[in-house]
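Only one chain is shown below, in structure tokens, and it's the form predicted on its own.
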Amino acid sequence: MRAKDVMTSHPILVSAAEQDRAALRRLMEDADIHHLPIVEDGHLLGVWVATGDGRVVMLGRDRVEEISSDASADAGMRALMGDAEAVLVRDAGLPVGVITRSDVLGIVRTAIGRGIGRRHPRPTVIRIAGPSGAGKTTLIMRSLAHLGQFDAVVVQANVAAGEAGAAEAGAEAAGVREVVEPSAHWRSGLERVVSRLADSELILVEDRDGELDLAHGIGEDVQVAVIPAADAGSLSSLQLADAQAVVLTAADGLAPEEVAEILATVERRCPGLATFVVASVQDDAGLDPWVRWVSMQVMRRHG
């Protein structure tokens, strides 16, 4: 963006001979401006400024920056964030515009109105679904310990309304940013909570306990099935058809050959599905590939 794109065009200029402050004040009021650059024979001498208490004061040449109309708008904004009271924009040596803090504020307001000012793009929403006892909460909490590079939030939809206070208190004690919202189990509820958390980068939604049903998304970006490894052999390809990943938990309760057989079964039923195997122990190395995969989902969407 260039200076000419953000300046106020056709500035009103005054000569050094203009010293009647009451007349200068009326001129500013009539034109709805607060700055009058003082230019004599093409040379910038200073600027008259209308103050909030009704006075008109003269500031010297050192308080006005001069830039070309083709210069970056950022140069003018940086000057205004420093000591400059105004920026005079020239084209072919002639004054063609003025940039003031009011112009910058107008740009900021427009950007905010369009949603441009947020810290991150739309957060990546990952829905974690699975039956009771599958270990969804444990997986989420352990994963967050390795995802500190992201501004992450847990949306807890797997809580009855009466349990919300206790769940939030427990999350706060664990240092986890959590929003308890049972309605996030449905599309409209998830849309509402995501809009409130638009500044986050990653939202992990713990869905309600129940039989896997990922056939219909609710507005999430990624669907992940979580199920105990011992029960994974019963998963059908239909249950996992819309999942982007499956996490098999509590694998340390099975012999290595059993785990290998289960993985082979899942691969046959759902070729290409990202599959992760995690154990119950805190130092489980199986958690690393899963965390890397989650990180990639966020980075891929955020560029």
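One-based numbering along the sequence shown. Since the structure is predicted, the reported quantities are computational estimates derived from the model, not experimental observations.
The same protein has a further form, the form predicted in complex with a small molecule, not shown here; the description that follows concerns it.
Undergrad: Which of these stretches, 202 to 210, 182 to 190, 146 to 154, 79 to 87, has heavy atoms within 4.5 Å of the small molecule in the predicted complex?
TA: In short, 202 to 210.
Undergrad: Identify which of V194, I126, A73, A134 has a heavy atom within 4.5 Å of the small molecule in the predicted complex; exactly one of them does.
TA: For this set of options, the contacting one is A134.
Undergrad: Does L24 reach the small molecule in the predicted complex if we count a contact as any heavy atom within 4.5 Å?
TA: No, L24 stays farther than 4.5 Å from the small molecule in the predicted complex.
Undergrad: Heavy atom to heavy atom, is S280 within 4.5 Å of the small molecule in the predicted complex?
TA: Because a heavy atom of S280 falls inside 4.5 Å of the small molecule in the predicted complex, the answer is yes.
Undergrad: In the predicted complex, does D252 have a heavy atom within 4.5 Å of the small molecule?
TA: D252 belongs to the contact set for the small molecule.
Undergrad: Decide whether T138 counts as a contact residue for the small molecule in the predicted complex under a heavy atom distance cut-off of 4.5 Å.
TA: Yes, contact at 4.5 Å.
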